[in-house]
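Here we start with a single chain on its own, the form predicted on its own, put down as structure tokens.
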Amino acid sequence: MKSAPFEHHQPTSVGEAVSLLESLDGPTVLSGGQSLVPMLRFRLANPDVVVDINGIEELDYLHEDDGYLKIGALARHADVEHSDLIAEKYGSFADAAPLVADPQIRNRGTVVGSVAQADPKGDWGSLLIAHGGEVVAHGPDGERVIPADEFFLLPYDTSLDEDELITEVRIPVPSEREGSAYHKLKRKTGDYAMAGVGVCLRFDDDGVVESAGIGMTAVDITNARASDAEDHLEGERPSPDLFEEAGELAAEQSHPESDEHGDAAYKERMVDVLTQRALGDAAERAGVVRRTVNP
């Protein structure tokens, strides 16, 4: 099946794209196209107008700047996967990137496109939540910065206005005593997550948890924060018992649904397990614990 006819616009600047979004009737933005193109092909989506932003070269970046890791709207999943900067300093992003779909999709799909899709089974939204990340959008009135906690409203629904374009997502550059990790359970390569947990831990000079961020994937109607577990961790020293308690609290705050991949109780148990694993990795990467493997 082929897509229905539509107008195709190819702006070459953010300003031109925003003008198109403001002036056209019901435009749909195309970046990586890994969700939109299949929907067009099977006519599950039938937009009259598509604004293709792939020609806006200024949006193709992944770098640190002004205290943030900034990921532009045209940075692909594979750019994160193969980045030396990510491998060196951003454990959770390095964990998540090779787990996104399959290599073909990672080569073309974009991080920002995935965030904009707002699928609760998407990985990047959980990491934005865990790291206190932000979504940067440009519209007719200029730039707007949206905290990740305020961005995701419902499945496939965000606080982005129709005439706004997401230009980047960003997270703070990690402090010296900070570690992060992402663990995900899926049936096979290419599948979405059955459950996933992203963690970011910051410690003070005495090795006490100064702040904790935990984002959950595929276990609520949006990417969700495990705030009870975060509160339980803050002000405490890391230990297996503490992480076990935090895992239980995260599971209690999740709201998974039963489906063909597993029942809700099983997924809650996986949130518990994945949270404990991610906390252990994050604490080790921050340099405050060292785990040993018994021979």
Partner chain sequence: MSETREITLTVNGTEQTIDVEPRKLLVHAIREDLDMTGTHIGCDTGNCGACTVLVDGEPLKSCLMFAVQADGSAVETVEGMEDHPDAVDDLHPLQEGFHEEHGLQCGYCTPGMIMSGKALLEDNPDPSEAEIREAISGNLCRCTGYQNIVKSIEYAADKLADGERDDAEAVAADGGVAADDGPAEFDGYDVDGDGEFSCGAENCCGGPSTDATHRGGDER
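What you see is a predicted model, and the numbers here were worked out from it, not measured in a lab. Positions refer to the first chain, counted from 1.
One more form of this protein should be noted, the form predicted together with its partner chain, which is absent from this view; the next part is about it.
Its partner chain is not shown here, and in the predicted complex it never comes within 4.5 Å of any heavy atom of Arg290. The closest heavy atom approach of Asn54 to its partner chain in the predicted complex falls within 4.5 Å. Residue contact check for Ser159: none of its heavy atoms lie within 4.5 Å of its partner chain in the predicted complex. Under a 4.5 angstroms non-hydrogen atom cutoff, its partner chain in the predicted complex lacks Leu85 among its neighbouring residues. Checked against its partner chain in the predicted complex, the residues Pro238, Gly247, Gly32, Pro256 give one hit for a heavy atom within 4.5 Å, which is Gly32. Though its partner chain is absent from this view, in the predicted complex it lies within 4.5 Å of a heavy atom of just one residue from Leu40, Leu62, Met270, Leu59, which is Leu40. The candidate stretches are 221-229, 203-211, 104-112, 67-75, and the one lying within 4.5 Å of its partner chain in the predicted complex by heavy atoms is 104-112.
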